[in-house]
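Below are two forms of the same protein chain, given as structure tokens: structure 1, then structure 2.
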Structure 1
Amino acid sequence: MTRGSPYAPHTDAETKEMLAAVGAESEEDLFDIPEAVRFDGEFGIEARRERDVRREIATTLAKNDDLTEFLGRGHHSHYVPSLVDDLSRRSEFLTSYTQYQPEITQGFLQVLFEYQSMLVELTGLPVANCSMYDDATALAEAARLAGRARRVSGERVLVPEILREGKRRVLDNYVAGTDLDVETYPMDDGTVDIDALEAQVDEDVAMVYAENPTVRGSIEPRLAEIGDISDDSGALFCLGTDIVALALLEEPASVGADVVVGEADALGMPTSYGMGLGLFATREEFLRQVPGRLVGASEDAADKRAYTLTLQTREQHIRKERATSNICTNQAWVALRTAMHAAYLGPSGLVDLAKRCVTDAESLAAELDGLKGVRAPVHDGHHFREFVVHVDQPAKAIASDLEAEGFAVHVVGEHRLQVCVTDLNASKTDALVSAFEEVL
């Protein structure tokens, strides 16, 4: 046996035969690794005692700024009960990859089925998958679904002009290999300009995307009209939201949404600065077009309820030309944590949390609005978690001064900041207001 991975146990004879087939003398000949980065068998790291290493790491981490974050724009955190950490770190959950072997992963599969069921209840749509990477990939997959299952011959995808930059870039990347074209429609005071959208939608539009709440935290008041405009032209209506907002705001199915996408990691996860959990729900007619994975319930040989991955339409499972997605992994463990957190809160607890997202934002905006040189919120109407603040002084200078006072906020314009409040930083809102007053 050659030395190497136990998962590729080739014999010396097999290895020699394969090398001969490709015209190489050794395995090293298969790789062109520059000498400067080639591993020579030594790491060049001085051996030290564990205590010394821990002390040095602690010293380095202590140099990080200790900021209270009032940041949002698609990345939101709520208090995660210790129960979620304790249960999700059980070895049978933490070490699991994809639940291809249902005979040994019934527990994990059941949790994912419950996660899907929660999304079905919250969205009002009958089909939900068991996770996407994040809200950006979920939106992109929705656009490709619209392209495959389009009711019209059009190829235009309409998105709001105010959209998180990263989300738009992911969408553009996903549709680059299709005949879909992404265009924007105007916003009016932070929400959809209905008249402008109606004038822009015709039979060439495959999908209309709107958000509730928007990236600026505004609650969209005319979702049903957007749904009607989309339906009248034959376009799919895709609604972006998040799992906490779904507990309080209008049910997507009731306003005509065909697909619902968004972030679900607002529950179960702290702010992870990049890693997320995308939710994806849709109508029964698009079941065969759903990307990612679906967990289904059935019965085993003993007539007992059993769970398994079903209707798998990824390119590694079926013919490539018939695949609906090339997404090659999922966020199962994050979805598991989200389901645990949602179950812990229960229906009433989830609604209470969502109500706080409205009232806390309203209270903080009112306090900031009372300061000289500040107007908040910039956009009229109700807000969810976050809102835009106008400052008479340059926004970058104010944000920098606030950072020196220990607070982080978004800069979204020359004289505009964006502030997000959740149950994690609500206790620091008085201090934030005082810091604003100090730096103005």
Structure 2
Amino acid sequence: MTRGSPYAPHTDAETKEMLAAVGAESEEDLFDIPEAVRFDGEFGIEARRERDVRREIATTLAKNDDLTEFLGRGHHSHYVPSLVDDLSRRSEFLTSYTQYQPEITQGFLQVLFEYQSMLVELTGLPVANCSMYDDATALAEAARLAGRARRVSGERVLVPEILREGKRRVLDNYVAGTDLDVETYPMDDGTVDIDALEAQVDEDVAMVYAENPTVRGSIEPRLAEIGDISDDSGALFCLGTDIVALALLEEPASVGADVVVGEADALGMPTSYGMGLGLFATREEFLRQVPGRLVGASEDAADKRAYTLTLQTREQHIRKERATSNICTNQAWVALRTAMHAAYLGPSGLVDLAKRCVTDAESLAAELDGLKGVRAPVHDGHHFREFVVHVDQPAKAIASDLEAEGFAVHVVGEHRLQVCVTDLNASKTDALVSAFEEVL
């Protein structure tokens, strides 16, 4: 074989014949690059054998400490059944492109249609797209949609004062090119201060954003009121949530949500350093304002049901600068995995998993609350997966000591930690409590 790319199949003889066929003497002849900008240096990257690359990366990644993570705050994982890995890795799914030729990509299209359908069921809203990058970009796109589709003349986007920094900063960038302004509204004991919000909302508000559960894990008790307040002023109500919470908590449609955004990668993906799956669902009314791809049902020439990407005139490759978003490549394969995981759980499994997110968090909070110098949860009310913990000692020091014991938790204030429990670490909660005792 030739040296060079192991993935280029050409033999030397074949290369020669092909060069002859195109009338070139060498591969270099085919490059029409002016001398001035021709690169004749080297990258200095040495080629390695497959096994050596595997060994090298394994060695590098092994430098990540082996911690039991009690981390959440928007990036959550549950146990992913082997089935999902096995089936999603099938090359027909994994190595396919966007379905621009639907006749030979019905398989992927159907999975995406099923993914959309699951989100329609869970949100109660009739339109869900194929995916956004993550919760942060989904929220940001929602704000832009509110800007385009607004029913009022306002420019204000209201978000809770307690919001993950990453979300806020993405939102800021996405609205920077518009006339929208982001403002915060106050929270009270971890959930929305309804009165304060009501006072803040006026007819110049384009969108009100609230989360359920909040980034601190609190379940929002007065969602419908937020919906009403938004509706009364003509603002869009955008609700942030995640795919597991949707299975148990109030249905977004029933509380008046106009757009639902959030993370769907809590199903289908291992913990993956923040790699996400932005869910995006909305009312029929905003269908033509939706960013990203949509799969619709149709018929083929033999009148059989078939699926296809649809309403593409919203998208950048057709509408260019008037597109609803610049998104092109999305998180399709993650959506496929999430759909598989959700299908694996079924409604019973999904609801059970969501219930455990409540009960496991409650139990762990109660146990931690029993420790001297610890109070948990800091906020009243119900929690989903995670909660804030008050520690009398400096939170940073405690977190650092816990890390030395093999546990990772969030530091969210001078004396505040945040702890997240799922089925992946639930068997280690006793060990975590012991570690707390150790380091206090």
Partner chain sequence: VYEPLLSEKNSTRVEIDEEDSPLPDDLTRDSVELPELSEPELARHYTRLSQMNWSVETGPYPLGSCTMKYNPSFTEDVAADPNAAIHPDRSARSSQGTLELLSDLQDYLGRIGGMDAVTLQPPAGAAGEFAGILVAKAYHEANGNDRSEVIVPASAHGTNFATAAMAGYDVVELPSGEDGRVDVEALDAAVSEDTAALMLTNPNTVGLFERDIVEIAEMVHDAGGLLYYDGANLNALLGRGRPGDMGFDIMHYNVHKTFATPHGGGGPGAGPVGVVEELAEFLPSPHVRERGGSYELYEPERSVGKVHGYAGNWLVLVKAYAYIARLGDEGLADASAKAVLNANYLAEQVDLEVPYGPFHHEFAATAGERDAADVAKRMLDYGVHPPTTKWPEFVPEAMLTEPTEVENRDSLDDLARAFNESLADSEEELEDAPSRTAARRIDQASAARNPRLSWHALDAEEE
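Quick caveat: nothing in here was measured; it's all calculated off a predicted structure. Numbering for residues begins at 1 and runs along the sequence of structure 1. We call the rigid core the largest set of C-alpha positions that still match within 1.5 Å between the two forms.
Comparing the two isolated copies of the chain, the second one is the form predicted together with its partner chain. Once both forms are fitted on their rigid core, the CA atom of residue 424 lies less than 2 Å apart between structure 1 and structure 2. Core-superposed comparison between structure 1 and structure 2: the CA of residue 61 exceeds or equals a 2 Å shift. Core-superposed comparison between structure 1 and structure 2: the CA of residue 30 exceeds or equals a 2 Å shift. Here the rigid core is superposed, and residue 14 then shows its C-alpha moved by 23.1 angstrom between structure 1 and structure 2.
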